[in-house]
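Next up is one chain by itself, shown in structure tokens, the form predicted alone.
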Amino acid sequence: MQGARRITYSGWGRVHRATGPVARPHAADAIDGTAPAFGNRRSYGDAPLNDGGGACDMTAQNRILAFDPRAGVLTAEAGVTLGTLARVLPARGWLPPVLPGTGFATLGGAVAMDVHGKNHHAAGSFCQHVTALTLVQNGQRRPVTPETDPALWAATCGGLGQTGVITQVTLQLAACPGDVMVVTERRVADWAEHIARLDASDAAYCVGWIDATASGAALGRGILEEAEVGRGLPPARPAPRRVPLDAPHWALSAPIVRAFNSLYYHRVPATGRTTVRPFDGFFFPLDRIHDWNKLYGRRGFHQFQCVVPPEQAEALRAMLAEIADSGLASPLAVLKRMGPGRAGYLSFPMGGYTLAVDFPNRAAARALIARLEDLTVAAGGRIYLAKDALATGDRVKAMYPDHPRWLSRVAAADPDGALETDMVRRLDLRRT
């Protein structure tokens, strides 16, 4: 690859690292599709890594190529971030239809992981709103739509970048009738109330924060957020903060996390409250703290995220009880209700409930995550590959029954395995 520099890089969890030549092409015709691509590397594990081999950094491919303000259709290069679109589009009456928890995710990454947001129960996954893609396969540019090649489309959406380098994305936007997010927060006393409130919500956006240190009668307590787009004057955005150094290992010790979670829970009045937030403050709250992953120290962290069918909600309750008893949870724990929407063979979403919890990278946490994965398999659920750094191939293939269909299309698109990444090799995804 021309202009490649040998660097060491990691995913957002900072547990796995890779060293190799990385090119950052500015011209679209410099992308030849002979090495795996990545964006801002916000996947937590080893999905964006290719240790010992080359990689293509797509962040300079960040131009909006076309925009129809009447139809709300946008075409952009794969390195454009969702945060950029969430800033510039609302003033024109539109918003990306699905936004994950960070605005630093790129369009290409959003396709490769078929990301979901706080409105999945209503809007489905990201790729369900994508109408066309351009892939580069072995030096050849290939336009793809769901109609022209349904199997290639399904293998690409959520397909970990294994069918070609995604260079352009055409997206059908959602109408945005306002300037702000109107957010209602309510305390939730326990697990049963949390599930009941998620099920009863008819808000466009709905998410629950869980105090993963609470146990006994308070197990599952937290805060439910429901939000709608509204009109008003956006509050001033606070200046981003940075974490300059890796935090010491005790910074997220069990007593500190319990104290923080208690304060966070009680910051919402017992009667609840409604506030107005700017778009990025609601969709991307952690983006205000750049390098927040350093709070877990130099050893990094893991996130466990799974989804289980609706009839298996008690399996999540059992997981949460084990997490609370472990004393390993961080303040970052999220519960959401999901609809059935998914676009690809390896897309994560399914109808049910998803739980996501962060853990410092310790031996006890890795053992706990393995037990949580066992419970996920037993419940007929699956883990999210954008967050995983620990699973085994047999376990993941059992969670994703469409893996053989994905593999067949990937083998045809990349027969020499040029696009394999560390995650693909760890999970042995390119073999049955």
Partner chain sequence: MEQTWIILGASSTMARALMQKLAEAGAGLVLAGRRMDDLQASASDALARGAALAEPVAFDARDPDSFQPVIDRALDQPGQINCAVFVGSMPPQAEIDADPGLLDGVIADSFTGPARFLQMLAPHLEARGSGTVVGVGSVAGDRGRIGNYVYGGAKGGFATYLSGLRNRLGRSGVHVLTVKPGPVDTAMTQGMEGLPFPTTAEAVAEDILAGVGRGRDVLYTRRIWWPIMLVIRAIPEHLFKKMSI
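Just so you know, these numbers come straight off a predicted model, no measurement behind them. Positions refer to the first chain, counted from 1.
Unshown form predicted in complex with the partner chain; subsequent notes refer to it.
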Just to confirm the contact call: exactly one of 82-90, 248-256, 322-330, 153-161 touches the partner chain in the predicted complex at a 4.5 Å heavy atom cutoff, so which is it? 82-90
Give a yes or no for His26: in the predicted complex, does one of its heavy atoms lie within 4.5 Å of a heavy atom belonging to the partner chain? yes
Answer for Arg371 alone: is it within 4.5 Å of the partner chain in the predicted complex, judged on heavy atom distances? no
Just checking whether Arg366 would be counted as a contact of the partner chain in the predicted complex - the rule being heavy atoms within 4.5 angstroms. no
Is there any non-hydrogen atom of Asn62 lying within 4.5 Å of the partner chain in the predicted complex? yes
Go through Asp358, Glu226, Glu77, Asp211 and name the one with a heavy atom inside 4.5 Å of the partner chain in the predicted complex. Glu77
Which of the residues spanning 3-40 lie within 4.5 Å of the partner chain in the predicted complex, based on heavy atoms? Gly3, Ala4, Arg5, Arg6, Arg24, Pro25, His26
